[in-house]
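Next comes just one chain, in structure tokens: the form predicted on its own.
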Amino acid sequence: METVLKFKTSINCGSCVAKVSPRLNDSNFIESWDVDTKNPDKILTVHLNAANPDASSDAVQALIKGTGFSIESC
């Protein structure tokens, strides 16, 4: 089962995407993700593996904040 979450972020360019990619790609609870850097709110869409007990909005926000970018649910 998959859960889709969307967040407003400060990830605004390819270099920023490259900085967050390792953390998001290495997460064991994220199935896939994408950042729309052309959207004014820089929307991060995350597909979570809902079967994983670590999968949560808070966990995604902690990953992004750990890279120095801002993030909030939308």
Partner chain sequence: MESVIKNSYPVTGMSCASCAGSVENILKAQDGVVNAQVNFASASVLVEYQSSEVSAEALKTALNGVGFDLMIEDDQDDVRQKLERQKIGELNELKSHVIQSSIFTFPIMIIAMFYMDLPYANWIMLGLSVPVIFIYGRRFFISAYQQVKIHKTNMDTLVSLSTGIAFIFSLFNTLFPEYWTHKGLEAHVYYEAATAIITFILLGKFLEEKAKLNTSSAIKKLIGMQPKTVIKVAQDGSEQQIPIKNVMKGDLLLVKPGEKIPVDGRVQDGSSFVDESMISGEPVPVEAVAGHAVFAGTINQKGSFRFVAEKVGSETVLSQIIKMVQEAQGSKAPVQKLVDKIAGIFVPIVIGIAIFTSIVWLIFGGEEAGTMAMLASITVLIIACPCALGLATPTAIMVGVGRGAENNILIKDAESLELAHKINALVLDKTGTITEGKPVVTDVIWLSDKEEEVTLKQILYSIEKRSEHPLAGAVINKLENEKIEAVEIDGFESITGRGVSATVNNVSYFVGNQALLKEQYASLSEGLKTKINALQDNAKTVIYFTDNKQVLALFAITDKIKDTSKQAIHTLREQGIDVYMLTGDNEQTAKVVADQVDILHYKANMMPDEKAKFVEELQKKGLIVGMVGDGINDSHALAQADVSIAMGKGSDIAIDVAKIALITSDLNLIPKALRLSKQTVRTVKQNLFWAFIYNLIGIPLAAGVLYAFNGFMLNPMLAAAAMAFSSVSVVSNSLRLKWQSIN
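Positions refer to the first chain, counted from 1. Given the structure is predicted, the values throughout are model-derived calculations rather than measurements.
Although not depicted, the form predicted in complex with its partner chain is the subject of the following passage.
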property	result
Ala59, heavy atom within 4.5 angstroms of its partner chain in the predicted complex	no
Residue contact check: Thr67 to its partner chain in the predicted complex, 4.5 Å heavy atom	yes
In the predicted complex, Cys16 touching its partner chain (heavy atom, 4.5 Å)	yes
Any non-hydrogen atom of Ser10 within 4.5 angstroms of its partner chain in the predicted complex	yes
